[in-house]
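Okay, so here's just one chain, in structure tokens, the form predicted alone.
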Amino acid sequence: MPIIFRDVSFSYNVKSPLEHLALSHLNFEIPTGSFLAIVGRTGCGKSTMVQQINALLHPTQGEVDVDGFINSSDRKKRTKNVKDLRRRVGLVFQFPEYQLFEETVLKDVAFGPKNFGMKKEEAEQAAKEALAKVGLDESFYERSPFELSGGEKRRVAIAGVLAYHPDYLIVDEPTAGLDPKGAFEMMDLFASIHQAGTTLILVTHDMNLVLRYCDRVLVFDHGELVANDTPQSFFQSDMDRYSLETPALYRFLQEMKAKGLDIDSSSIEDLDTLADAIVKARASK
């Protein structure tokens, strides 16, 4: 089932002089199995929106429906078993390595499964499988998470979420602070998780990642949903109006079109598809 937002609004500091409307009348669906990007300028409501999905925040108007779990502004309509909802919806915060706290890597990753009801042996097995998914072998099990490199800490934190097998995974700026190679390795990891059947929701400022990995993009501006489109279609619009940078491939594409080469941009996702489109455009001249 999709995640459904029904007329969702959210305000911080309600009924105080500091009241601030962060989300305004959101109505959209996130299809099951999608790899969705959430983009927009800083402060536009992206992080506030995703926290409605697993009920870290409750709407001040409307409701969010996640497989029948209801997060509503009406207390009487809210699903009481929030713990089961949060098992289904994993949330990896920006700089998740700051969430590490146990004395060993294995204990840290096993904490989530145990918290959601697994026995110790089951939780440890789930933790080992999750660590393997993020590329960390048994040599990491007894190491302190605080002695790892920054990239290794991030992988441990992500494994801690994967270990309880969420159906939906939300990742908030997962490549922040990583070099380009580390960023693409991290995104390739999430791509493999998505291919295994998990719905991925990516909050990011990096439009190159959106183009390369995502099949849909939601654009927020001042708390409103202003676009819901494919990346290929969205990147042909005026990106400056949203304070977003056009991906490098599309900037190159625009330059080629300006010089008279009529390139079909509807299927361009990477260098290979761009090269194919250029060859076809040249052959048709």
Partner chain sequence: MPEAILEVKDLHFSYEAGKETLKGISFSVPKGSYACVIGHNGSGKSTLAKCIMGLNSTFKGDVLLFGEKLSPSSVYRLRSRIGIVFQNPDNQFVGSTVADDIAFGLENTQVPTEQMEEIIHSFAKQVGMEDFLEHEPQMLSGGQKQRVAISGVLAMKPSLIIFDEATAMLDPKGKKEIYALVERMRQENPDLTLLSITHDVEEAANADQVIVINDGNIVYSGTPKEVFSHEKELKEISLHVPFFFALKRRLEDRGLEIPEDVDSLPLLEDYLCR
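Positions refer to the first chain, counted from 1. Each form is matched to the other, and the largest set of C-alpha atoms that superpose within 1.5 Å is called the rigid core. What you see is a predicted model, and the numbers here were worked out from it, not measured in a lab.
Just so you know, the form predicted together with the partner chain exists too; it's not on screen, but the next bit is about it.
Of the candidate stretches 227 to 235, 28 to 36, 59 to 67, 251 to 259, only 251 to 259 has residues whose heavy atoms lie within 4.5 Å of the partner chain in the predicted complex.
Taking the partner from elsewhere, L274 is found to have a heavy atom lying within 4.5 Å of the partner chain in the predicted complex. Within 4.5 Å of some heavy atom of the partner chain in the predicted complex lies at least one heavy atom of L178. Among heavy atoms of V279, some come within 4.5 Å of the partner chain in the predicted complex. Shown alone here, K133 lies farther than 4.5 Å from the partner chain in the predicted complex, counting heavy atoms only. Using a 4.5 angstroms heavy atom cutoff to the partner chain in the predicted complex, none of T104, E152 and F190 count as contacting. Of the residues given (R78, H194, K128, H205), H205 alone sits with a heavy atom within 4.5 Å of the partner chain in the predicted complex. After superposition on the rigid core, the Cα atom of N228 is displaced by less than 2 Å between this form and the one not shown.
Residue displacement note: M256 has its CA displaced by at least 2 Å between this form and the one not shown (rigid core superposed). The distance between the CA atoms of P166 and E269 is at least 3 Å longer in the predicted complex than in the form shown here.
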